[in-house]
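A lone chain, given as structure tokens: the form predicted on its own.
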Amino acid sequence: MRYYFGREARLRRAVETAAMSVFDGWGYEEIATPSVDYYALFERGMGHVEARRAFRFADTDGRLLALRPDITSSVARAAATLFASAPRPLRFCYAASVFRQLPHSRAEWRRQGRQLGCELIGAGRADADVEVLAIAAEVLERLGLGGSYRVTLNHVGVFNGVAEQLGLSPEAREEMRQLVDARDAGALGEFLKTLGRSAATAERAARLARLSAGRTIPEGTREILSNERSRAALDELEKLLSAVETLGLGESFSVDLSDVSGLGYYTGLVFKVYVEGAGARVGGGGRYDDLTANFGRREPAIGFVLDLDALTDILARRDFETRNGAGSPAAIEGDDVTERFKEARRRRARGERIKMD
């Protein structure tokens, strides 16, 4: 937990305002979700393991509550209940704080963070994926980060197709995912051999840990991924890359098939946002078509969030100027109280930043 003051607080407000103005420009309506809600909501939305990172407590009636660790779960419930009869697709955006219990580390130490995000619910075609990626790119460009950010793309079907082809148990599947994510091809090959897979099969699957590339699908990928599900996922990625290139965003997007962290939440496209100078990713998102089914209505959905704390840390070092009071306030001096306040009002009418002496 920490305090924000002065220039840092103004910078955070400016970044939030810039992002929300982009969301508004694409027709997304702001939604504000409760800071405290039933723990069961997040358990159903995030899954049991992730939800346990929430700060939990009981109310006077003994019901288990939680400080909001996630916003997407709340938005998904609202879509399935409050907006059940509203025309699709639904477009929501938000700027809200989340609260999570995290082990102390240099990369993630804040228990309270603030997320800027948007959710597109009820649209399952490829153009919905393109829309969300275009919005993310525009937010980063609006913040002056053009040329220094990178969005990496993947599809859960690539890894899931390989895991199904190998006939892995849920436990083995998770261990394989961690080894791929660590990009440890040697350990992955040995692990698959211990499961009784042939040396040739193990070596072939281990190459999945090396499938990161630039603006195209890594060379030789289709030879490695022979199953139908993985190849269908690659087809979707190639179409998406073509659309991104057409929009003139190709320089800022790349493919990373080895980045398989947190795939359990998603059902299709997944992407992560990195910015030069940040020690960790500053945002991410993807398609989560199964999430709303937890609240009674399954429908396609995609969204993303950006970490306000990470963004402002970067922009502060880059001396990002805000429109709202970027300069030092002018001192209003004088012995006559009336004249001082008249001068103050004249300057404020011109939009100047002042401070009464």
Partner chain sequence: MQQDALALLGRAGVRVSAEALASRRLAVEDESGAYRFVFVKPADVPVYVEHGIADCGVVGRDVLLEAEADLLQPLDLRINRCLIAVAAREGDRAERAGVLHVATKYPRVASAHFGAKGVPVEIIELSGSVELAPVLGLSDCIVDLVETGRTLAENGLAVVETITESTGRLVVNRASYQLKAEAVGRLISDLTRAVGGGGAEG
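Positions refer to the first chain, counted from 1. Only a predicted model underlies this, so the values are computations on that prediction, with no experimental measurement involved.
The same protein also exists as the form predicted together with the partner chain; that form is not shown, yet it is the one meant from here on.
Enquirer: Can we say 190, 256 and 275 each have a non-hydrogen atom within 4.5 Å of the partner chain in the predicted complex?
Expert: Judged in the predicted complex, 190, 256 and 275 all sit within 4.5 Å of the partner chain.
Enquirer: Any chance residue 184 has a heavy atom within 4.5 Å of the partner chain in the predicted complex?
Expert: Answer yes; at least one heavy atom of residue 184 falls within 4.5 Å of the partner chain in the predicted complex.
Enquirer: Determine whether any heavy atom of residue 261 comes within 4.5 Å of a heavy atom of the partner chain in the predicted complex, and answer yes or no.
Expert: Yes, residue 261 lies within 4.5 Å of the partner chain in the predicted complex.
Enquirer: Although the partner isn't part of this model, could you tell me whether residue 279 comes within 4.5 Å of the partner chain in the predicted complex, counting any heavy atom of the residue?
Expert: The answer is yes: residue 279 has a heavy atom within 4.5 Å of the partner chain.
Enquirer: Looking in the predicted complex, any heavy atom of residue 201 within 4.5 Å of the partner chain?
Expert: Flag for residue 201 set to no.
Enquirer: Tell me which of 84-92, 157-165, 204-212, 242-250 has residues with heavy atoms within 4.5 angstroms of the partner chain in the predicted complex?
Expert: Only one stretch passes the 4.5 Å heavy-atom test: 204-212.
Enquirer: Given that the partner chain is left out here, which of 216, 152, 227, 115 has a heavy atom within 4.5 Å of it in the predicted complex?
Expert: Filtering the options by heavy-atom distance leaves 152.
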